[in-house]
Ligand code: BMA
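This document starts with one chain, in the form predicted alone, laid out as structure tokens.
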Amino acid sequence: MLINRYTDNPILTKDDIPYQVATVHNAGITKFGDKYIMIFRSHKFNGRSILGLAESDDGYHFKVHDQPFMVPATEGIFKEYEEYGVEDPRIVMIDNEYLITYSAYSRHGVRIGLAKTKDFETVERFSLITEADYRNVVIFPEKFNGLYARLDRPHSEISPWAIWISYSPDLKYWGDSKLIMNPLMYHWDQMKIGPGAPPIKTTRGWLNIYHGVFPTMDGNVYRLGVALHDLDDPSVVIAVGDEWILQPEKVYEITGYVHNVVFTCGAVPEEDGSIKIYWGGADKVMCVGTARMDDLVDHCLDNPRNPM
């Protein structure tokens, strides 16, 4: 077993939130000083999503702030493109500030918004960095040849729902896009794949914890897998682990708002070589487990499949 589930999962449910929500799931995670910061998605009772904030001393026991962290904008261009909700945040620290990518839903489809914060008390919306229809954008925590880099997943009926890479000089304008990883037919991720947690640097490459979806007669199953990208050129996928690392098994992952889902938006590497991986269970609760970084890298390299 690569990932050891925390024995007291789920770590956050709707009952832990001091305002009315129907779910708690798909949270971005980062370290801020000596605190773990979680920005989580919740459905309100009208079905639309907002983002809340919680913090923890140990990464397991979280206290939720009294008010939501981000709700759909009420003015400017963000108002038009966030009217149906804000969802699935990812957090990365670069250039001494924290970047938050999130899905902005509206009648025009889903775009990716980018917000910035330095203290997790105030947040500034910076730009809408994709057109519709995009999801699952994660930014690397380092630049490459002076450029920011991101992984994303365009939503397309023409080509597979696959992982692409793009670059930017300023976080606003993105280009040089390239397809780098496809789903694999009759495989656990055959229907679609997408970036999960922001990539994590290891001595052997960038670790990309991604989600894959398999269609069954009882609906889709969301699992987690890992890929390894070259340290200097992240468009090069060194290896993709052939087998999943986590699948829905517990009641809180099998039954919920959307059945049979484990979905990650964040992971925190620790100094002892371990990693805490956080995932939404059945689009209803938040969970955590631990793994060894070396084990996840070995999982990619020892039994790889073709990225394309």
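On a predicted model such as this, the values are computed, not experimentally measured, just so you know. Position 1 is the first residue in the sequence shown; the rest follow in order.
The form predicted in complex with beta-D-mannopyranose is left out here; the points below concern that form.
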So, 5, 223 and 285: all three within 4.5 Å of beta-D-mannopyranose in the model of the complex by heavy atoms, or not?
no
With beta-D-mannopyranose left out of view, choose which of 51, 277, 38, 261 has a non-hydrogen atom within 4.5 angstroms of it in the model of the complex.
261
Taking 4.5 angstroms as the heavy atom distance cut-off, pick the stretch from 238-246, 253-261, 268-276, 57-65 that is near beta-D-mannopyranose in the model of the complex.
253-261
I'd like to know whether residue 82 contacts beta-D-mannopyranose in the model of the complex, with contact meaning heavy atoms within 4.5 angstroms.
no
Please run the contact check for residue 26 against beta-D-mannopyranose in the model of the complex: heavy atoms, 4.5 angstroms, yes or no?
yes
Closest heavy atom of residue 135 to beta-D-mannopyranose in the model of the complex, within 4.5 Å or not?
yes
In the model of the complex, is there a heavy atom of beta-D-mannopyranose that lies within 4.5 Å of any heavy atom of residue 192, even though the partner is absent here?
yes
